[in-house]
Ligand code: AN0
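Given as structure tokens, the chain that follows is alone and in the form predicted alone.
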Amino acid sequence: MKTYTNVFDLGDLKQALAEAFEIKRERYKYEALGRHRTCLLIFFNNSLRTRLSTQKAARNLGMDVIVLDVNQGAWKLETERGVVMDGDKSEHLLEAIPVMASYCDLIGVRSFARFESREDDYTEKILNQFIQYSGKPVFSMEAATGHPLQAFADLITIEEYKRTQRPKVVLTWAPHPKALPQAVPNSFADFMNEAEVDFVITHPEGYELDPKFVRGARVEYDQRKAFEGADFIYAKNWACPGVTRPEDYGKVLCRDRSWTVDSEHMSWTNNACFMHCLPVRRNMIVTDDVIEAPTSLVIPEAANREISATVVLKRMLQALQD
């Protein structure tokens, strides 16, 4: 595996899940794979679970890890071509990328949507520059439009806790005080559409996700109808994706608190498990009683981030040996 940016990079999901549970049983089984290999983790944005879980995964595989916080201690990086660099940015990404690549074997990149240009975000400008110019295997630790390590961990969690062969999984929009990217919901939809689940997306009008992620999923604007009979509720806020009105891209169109997931919402379900990628705004996205209930999976879901990252890095290391 040369890159990891979406569900299709994993190939057969049953095989990927089998590897995940193998690693969960024996986390250091492939420790020799990463001997004398270095994993560089580059953060343009803040991180807690992604940083810790990916470092742990790399070390499970015997790798050395270098962590670079681009905005803390590194030169400020210019990302645009043709710019006269007479401002506060001292180095261009096109020189920085091959230099960074010379010190490592694998590169992880975390770079959020900027909401300045839908085209720039949805063409994954920064992530794709690393793929194009580094000459090294590159994996996404959350990009402008996707978070595939999180979505893989979500799938592992659903597989662990499902009570039926084909559970009903609902992705629901929930209110938030700030404009958030679509990376997590996009990747969750990307994975659920390829998994053996009955998948429904619910949100207010104007929050339609990009069709390449929605694909064949059922979209329901009535949250109660969407929740009926659900086995898993995945709550997440996202700003307007600008699908129908590009001029609204990145805007907060709605703060309707009736979309907050509370005990009444969960009573509409089939005793569903609650999921969220974290961090979560309590009593905006979800109420205290729901996130603290026995059916809340937010902690095991976060723990599975180590497992999803270990599978991905393992496959990349194996590809280097081929």
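As the structure is a prediction and not an experimental result, all values here were calculated from the model. Heads up: residue numbers just count along the shown sequence, starting at 1.
Just so it is clear, the following notes concern the form predicted together with N-acetyl-L-norvaline, a form of the same protein that is not shown.
### Message
Even though the partner isn't displayed, in the predicted complex is Asp121 close enough to N-acetyl-L-norvaline, meaning a heavy atom within 4.5 Å?
### Response
Asp121: no contact with N-acetyl-L-norvaline in the predicted complex.
### Query
Does Pro137 make contact with N-acetyl-L-norvaline in the predicted complex, using a 4.5 Å heavy atom cut-off?
No, Pro137 is distant from the partner.
### Message
Using a 4.5 angstroms cut-off on non-hydrogen atoms, would Val290 count as touching N-acetyl-L-norvaline in the predicted complex?
### Response
Although N-acetyl-L-norvaline is absent here, Val290 would stay clear of it in the predicted complex, with no heavy atoms inside 4.5 Å.
### Query
Going by a heavy atom distance of 4.5 Å, is Leu278 a contact of N-acetyl-L-norvaline in the predicted complex?
Yes - in the predicted complex, heavy atoms of Leu278 and N-acetyl-L-norvaline come within 4.5 Å of each other.
### Query
in the predicted complex, which of the listed residues (Ala101, Ala217, Leu180, Val243) lies with a heavy atom within 4.5 Å of N-acetyl-L-norvaline?
In short, Leu180.
### Query
Looking at Leu106, Ala230, Ile97, Val184, which has any heavy atom no more than 4.5 Å from N-acetyl-L-norvaline in the predicted complex?
For this set of options, the contacting one is Val184.
### Query
Thinking of N-acetyl-L-norvaline in the predicted complex, which stretch from 86-94, 140-148, 206-214, 69-77 has heavy atoms inside 4.5 Å of it?
Of the options given, it is 140-148.
### Message
Heavy atom within 4.5 Å of N-acetyl-L-norvaline in the predicted complex: which residues of 224-238 meet that condition, in order?
### Response
Just Lys236.
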